[in-house]
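Have a look below at one chain only, the form predicted alone, in structure tokens format.
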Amino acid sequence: MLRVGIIGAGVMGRTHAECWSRLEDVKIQVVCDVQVERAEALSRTYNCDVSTSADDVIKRSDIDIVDICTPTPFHSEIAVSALEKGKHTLCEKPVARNLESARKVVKTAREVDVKFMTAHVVRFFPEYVTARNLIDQGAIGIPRMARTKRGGQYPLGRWNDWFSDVDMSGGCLVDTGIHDFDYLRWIFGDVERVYASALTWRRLEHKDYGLVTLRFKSKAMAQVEIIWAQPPGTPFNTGFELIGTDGLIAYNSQDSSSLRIMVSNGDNIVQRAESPLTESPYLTEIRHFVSCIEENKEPSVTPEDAYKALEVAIASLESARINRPVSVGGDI
């Protein structure tokens, strides 16, 4: 039996908890949140303990896995502490808010004998996985270009409205764009240069938008559109076009998803799209992490993958700020 401590009981904490509860030989042992009422609500659902201290959760001898679902600025410190205490650690993306903190996580993860994975869940969405597999099989020839889109309305109703603070969230470029940065790296390899334009530095209340051009070392190119500016109630939408020398693979979540789930979160409506014919990608992701622990294998998202996705996101934010291209790459 693997026993889990979930740190952070917001939207992602609740999403992860529901997934953990579906796995055999896994028990949610404790839920932690500084807003105790949120932790208590989850504890009633999953019959587990309540805490308001991440340190207390990490120190517990009855915890095998720490699942970090806090706001971004707290990810790296909690991850390093959990790893040093010998806990298998799953951490929501991004791995950290800055590269220095991310390097500490990578270094620690490589020094300890436990599993670590950053939850880049797009790698577990069946449409995205299938597209990559088709590319690996040569279905569209050599991949050369891509265009991705991700976003909807600004994410309201979160703790202290932390998404509005760029120093905490990194705006849409870091928080949301990192999904596609990681996915595109998975297909095209390392990024060489980034050029971005964004509303991030315009100080528009509860709106952000970014358009990023990536040049890969393979000479492929991609355009990434990230949106936090659509009207309230607008469905969250993702999509891609992956173009090779012999063809194209395209996907749009609003055209392809047969089930949309909309949940109230204070003043905000949180929406996610799923197909009833497939397992939730969040469950697939967590099931994969558990299998890595049980079979002693490397998670599919390595610490270096998490770092390099963040490196692209940080470069995009800087490029948008200075209105110039930014080079990417270097030692971790």
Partner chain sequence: MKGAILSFAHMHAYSYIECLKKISDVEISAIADEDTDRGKSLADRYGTRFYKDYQDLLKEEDVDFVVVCSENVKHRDMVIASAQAGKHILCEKPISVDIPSAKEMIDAVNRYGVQLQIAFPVRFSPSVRRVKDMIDRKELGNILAFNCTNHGKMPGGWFVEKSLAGGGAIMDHTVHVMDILRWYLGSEAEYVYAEGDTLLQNIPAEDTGLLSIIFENGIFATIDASWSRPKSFPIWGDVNIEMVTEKGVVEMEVFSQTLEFYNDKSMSASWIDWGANMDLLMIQNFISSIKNGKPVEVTGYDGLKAMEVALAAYRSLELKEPVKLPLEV
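All figures in this text were calculated on a predicted structure; none of them were measured in a lab. Residue numbers count along the first chain shown, from 1.
Another form, the form predicted together with its partner chain, is not on view; read the next lines as being about it.
Mapping the unseen interface onto this chain, residue 203 falls outside it, with no heavy atom inside 4.5 Å of its partner chain in the predicted complex. Residue 247 belongs to the set of residues with a heavy atom inside 4.5 Å of its partner chain in the predicted complex.
Its partner chain is not drawn, but in the predicted complex it has no heavy atom within 4.5 Å of residue 130. Put simply, residue 193 is close to its partner chain in the predicted complex: some heavy atom of it is within 4.5 Å.
209 is the sole member of 236, 251, 209, 74 with a non-hydrogen atom within 4.5 Å of its partner chain in the predicted complex.
Just one of 158, 123, 103, 144 comes within 4.5 Å of its partner chain in the predicted complex, counting any heavy atom, and that one is 144. Figure note: of the listed segments 218 to 226, 110 to 118, 166 to 174, 93 to 101, the one touching its partner chain in the predicted complex, with heavy atoms no more than 4.5 Å away, is 218 to 226. In the predicted complex, just one residue of 148 to 163 lies within 4.5 Å of its partner chain by at least one heavy atom: 149.
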